[in-house]
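Have a look below at one chain only, the form predicted on its own, in structure tokens format.
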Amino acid sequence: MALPLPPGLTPSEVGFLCEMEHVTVIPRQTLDGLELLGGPTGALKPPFPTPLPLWLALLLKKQRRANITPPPWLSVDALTQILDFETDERTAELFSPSPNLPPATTTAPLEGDPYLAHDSLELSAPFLKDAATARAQADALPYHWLEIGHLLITHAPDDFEDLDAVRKLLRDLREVRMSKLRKGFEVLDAGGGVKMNGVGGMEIAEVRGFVGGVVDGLRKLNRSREESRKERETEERENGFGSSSYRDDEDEDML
């Protein structure tokens, strides 16, 4: 008999799924295209960039057959801009926006701050086209931003212009966003929730167990209070003190 699994994806499972995201590689040698379960890949012809699944790009990088081009949002300037948005007092309760959705479901951009123009988007969908390739938006974090950043820094450090600065900005950005999540959980109640627009897959996986435990505990407390209240009302009715008509009659006699 199989053991029951907790609801949702674990961090390791989220990291595994992240490797299906596409990144841009610069091949070092010619390779034919492959027929994969997710669809065919293009042929590699140096020095032309080609999008490939992250797992395949990491394999070619390990074999020194290709270099990986970090997405625009994984640069020092882009991460600094996103971190400024996360720490701005005007957007203290918001998370940095997700990449634009396909035209059929994307809302019209607003005038003014480009970040605030994305506030009306309600989704942070994974596997959006070009979310992590060289054509990705520089001012938006994709659903698997944390996992992609960690894998590229770990396995392709020589493909970054300023690796130490990127690593530090990613760490600061993660700490700021997790702090926002913790502040949101402080006001949770049994029937409440936290707005998580723009939160990434790994961030959700890391806090899912904690939040579920907090909400379950609050529900148990509320259930115990409700049961105690019902027992008290039952005892009062049995003793003749629970009926409002009894109190009204008693008050009239006293008058």
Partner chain sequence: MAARLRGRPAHAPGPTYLSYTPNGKKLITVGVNGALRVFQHGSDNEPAIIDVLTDGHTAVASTNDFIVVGAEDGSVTKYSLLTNSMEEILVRCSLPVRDVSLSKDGEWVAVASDELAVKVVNTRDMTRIMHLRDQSRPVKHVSFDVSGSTLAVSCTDGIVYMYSLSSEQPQLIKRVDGLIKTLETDAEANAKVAWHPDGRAFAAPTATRDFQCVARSDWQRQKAFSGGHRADISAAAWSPNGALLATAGVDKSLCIWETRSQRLLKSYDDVQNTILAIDWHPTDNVCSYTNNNGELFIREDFVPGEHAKHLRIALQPSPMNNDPLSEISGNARKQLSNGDKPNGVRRSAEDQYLDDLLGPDAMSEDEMDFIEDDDGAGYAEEMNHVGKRSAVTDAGRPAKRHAPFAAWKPQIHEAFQPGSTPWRGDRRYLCLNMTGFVWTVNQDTHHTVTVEFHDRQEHRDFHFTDPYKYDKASLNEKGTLFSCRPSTQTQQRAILYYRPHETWTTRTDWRTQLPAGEEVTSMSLSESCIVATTSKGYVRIYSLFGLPLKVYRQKSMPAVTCASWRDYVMTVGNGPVDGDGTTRMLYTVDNVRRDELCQSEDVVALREGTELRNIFFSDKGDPCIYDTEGVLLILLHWRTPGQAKWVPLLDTKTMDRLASGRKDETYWPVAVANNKFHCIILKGGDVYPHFPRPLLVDFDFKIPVSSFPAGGVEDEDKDVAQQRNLEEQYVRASLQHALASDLVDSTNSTSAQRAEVPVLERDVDKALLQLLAAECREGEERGMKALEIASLMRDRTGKMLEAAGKIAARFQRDILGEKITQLAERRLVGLVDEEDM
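Numbering follows the first chain given and starts at 1. Because the structure is a prediction, the values reported are computed rather than measured.
In what follows, reference is made to the form predicted in complex with its partner chain, a form of this protein that is not presented.
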Exercise for the section: Tell me, yes or no, whether residue 197 is in contact with its partner chain in the model of the complex, where a contact means a heavy atom of each within 4.5 Å. Expected result: no
Handout entry: Close approach of residue 27 to its partner chain in the model of the complex, 4.5 Å, heavy atom
Key = yes
Practice task
Give a yes or no for residue 42: in the model of the complex, does one of its heavy atoms lie within 4.5 Å of a heavy atom belonging to its partner chain?
Solution key: no
Problem - Interface membership of residue 47, its partner chain in the model of the complex, 4.5 Å heavy atom rule - result: yes
Handout entry: The unique member of 135, 150, 168, 183 whose heavy atoms fall within 4.5 Å of its partner chain in the model of the complex
Key = 135
Fill in the blank from the handout: Here the chain appears without its partner; judged in the model of the complex, the stretch of 226-234, 198-206, 33-41, 47-55 with heavy atoms within 4.5 Å of its partner chain is 47-55
